[in-house]
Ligand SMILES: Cc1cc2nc3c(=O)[nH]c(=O)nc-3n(C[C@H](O)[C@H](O)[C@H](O)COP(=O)(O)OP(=O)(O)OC[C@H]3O[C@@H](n4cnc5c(N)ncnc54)[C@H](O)[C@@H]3O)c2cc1C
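A lone chain, given as structure tokens: the form predicted on its own.
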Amino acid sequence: MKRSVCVAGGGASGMMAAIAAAKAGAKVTLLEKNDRMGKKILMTGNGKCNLTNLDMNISAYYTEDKDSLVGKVLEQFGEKDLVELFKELGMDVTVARDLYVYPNTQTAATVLNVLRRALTYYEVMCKTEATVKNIKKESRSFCIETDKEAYTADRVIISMGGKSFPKTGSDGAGFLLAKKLGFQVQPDYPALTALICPVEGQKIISGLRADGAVALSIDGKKVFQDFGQIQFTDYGLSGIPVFQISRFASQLLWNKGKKERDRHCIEVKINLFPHMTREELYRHIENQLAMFSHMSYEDAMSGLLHKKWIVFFGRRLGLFKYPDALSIPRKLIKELSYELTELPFPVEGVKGYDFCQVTGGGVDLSCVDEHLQSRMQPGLFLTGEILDVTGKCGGYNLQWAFSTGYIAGTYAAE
């Protein structure tokens, strides 16, 4: 007789869990609160769906796990396994910049359609508009209660996601259910998100994009640094390198009271010339000003900086008051070179769940074994964003969703 498996949550992880369980021979029911499966997939990778990354390793993930469960998961079902599975399901992939894996069509809708087709192919019973309210352990099975009816299954996989992109239905209900079931749940927070960093003259540089280095310091200690294109906005900073460092700030700012937040000094420093030392940049600016010494500061700096930056620093450092480039003191040139390599942005907050790419926090990894099965309640599995693991931008979070889903589905079917 076939093992019965019920999957709660029809996102990337849940759909993969259902496919893997059915492929392994189980009779599978997939429950989804929305009217369609996998809505959030359409929003990944700017609509292109960055499936995974060929540079897959544990260092791309942030977790408090001391036993490297992330590594064990990736060893069981890694990036090559995922690519092969999608090929088996009828989808070709393409690789951008030697690392980033996308569907060959470069559209997330293809990934979603392929997963939905696989659900049909493997005869998964899909129930939409079914909100899971409770899961109860019975003598030899589980009872899964929804807002409409109850289901019975030998095994249950909770794949209800986090809180990111709430308009797709992500409301954190999985965290509440996990707490109800007795799991240790770490406080959730927006991860991979933009930072709110008000500075004087912000409107001048709003809309600018620049390649550079972004370093986050907490109480004077640098905790993380990344490189890439930075976006300067009317509220602060955005862009992939900002997303990569944001979780460290968000952990301190999101769930803490004002008094606790005020105890910490959180600051981002931007280096707009990471390919040069500060001394090299100083000499470069000095030579530029000397070459056009008879011109104004603004005209002399043209070609070296975007006009908005010229105005921003001109006002910030009082450079417009000098009649020509020759009269600008060396002290101010040094200060300008310093600011261009260490421009400070005090962090006052983070953009919330409507803007973040993934949710930090969730069920502590110590609660599950290497097959994602609960250590407290055998037969109950957890996958994806509900677990306390956050990957970097670049396909790592989708890989985690697919890996955990596939492993949990496969072992739940046993």
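These figures come from a predicted structure and were not determined experimentally. Numbering starts at 1 and runs along the sequence shown.
Omitted here: the form predicted in complex with this ligand. The next part is about that form.
The shortest heavy atom separation between Q202 and this ligand in the predicted complex exceeds 4.5 Å. In the predicted complex, this ligand stays beyond 4.5 Å of every heavy atom belonging to I157. The closest non-hydrogen atom of G314 lies beyond 4.5 Å of this ligand in the predicted complex. Contact between T110 and this ligand in the predicted complex is not found at the 4.5 Å heavy atom cutoff.
Exactly one of the stretches 326-334, 130-138, 287-295, 258-266 approaches this ligand in the predicted complex with heavy atoms within 4.5 Å, and it is 130-138. Contact with this ligand in the predicted complex, defined as a heavy atom within 4.5 Å, is made by all three of T44, F165 and S170. A heavy atom within 4.5 Å of this ligand in the predicted complex is found for exactly one of V347, V70, A26, L31: L31. Looking at 356-372, the residues that come within 4.5 Å of this ligand in the predicted complex, counting any heavy atom, are C356, Q357, V358.
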